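Here we start with a single chain on its own, the form predicted alone, put down as structure tokens.
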């Protein structure tokens, strides 16, 4: 069951004018969290904004003994709620509900894990990278953004031994163009006898393209959807997405309950709204 915690802010690391990492003291949530899960945060103590906002758990923080002590979230300033989180200061308290949602399932050797992130889609992958490192699974992060200044926290993945492939649309760092280009090249070079699983999070067009590449190359692919949510508990139906049932018939399913992690081939991408 998720926990609703009055969590103390312990740090707000501002990465740029629009991006920051907020850390919360929340040991109970940290102990229960699995890679790819999320929390719902009430971004103010008052009624404005009224609804909570969903955020992937970016880090599970640990104390000096190694015990889980808190979590962090990777925030991009977009609207009222995310703007409040950009300004929050240590010592403030916010309501944090979680962990929520279906997590990633890490793979074991000899399979490799390829994580593909676009922009703020980086958020669910640090906890996954840590779980893969424990399993000694060879891991690659394909990480793309519009420009070099929008590539963040690469050092955290380097520290875990993750191979990092970068791409920027303006060519200012890494491979010029979209991150799907080096991914497609890598899939083309990978023999079918060498197993690899894709994990994807980012803008809908990027996830759709990665799902198509995975299908063409016969690779398993999970996506973490970034839908707007009102409650995170399945009550408001604001996060429904078109997905196929086991027998192949499409239906609308709640991302907060059956996701946010889905088999990419279950999603009816033609019916998805871009974001």
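Note that this is a predicted model, so its numbers are computed, not measured. Residue numbers count along the first chain shown, from 1.
Not on display, but discussed next: the form predicted together with a small molecule.
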Q: With heavy atoms only and a cut-off of 4.5 Å, decide whether residue 206 touches the small molecule in the predicted bound form.
A: no
Q. So in the predicted bound form, does residue 139 come within 4.5 Å of the small molecule, heavy atom to heavy atom?
A. no
(Q) Can you tell me whether residue 120 touches the small molecule? I mean in the predicted bound form, with a 4.5 angstroms heavy atom cut-off. (A) yes
Q. Would residue 79 sit within 4.5 Å of the small molecule in the predicted bound form, counting heavy atoms only?
A. yes
Q.
Just to confirm the contact call: exactly one of 152-160, 183-191, 104-112, 79-87 touches the small molecule in the predicted bound form at a 4.5 Å heavy atom cutoff, so which is it?
A. 79-87
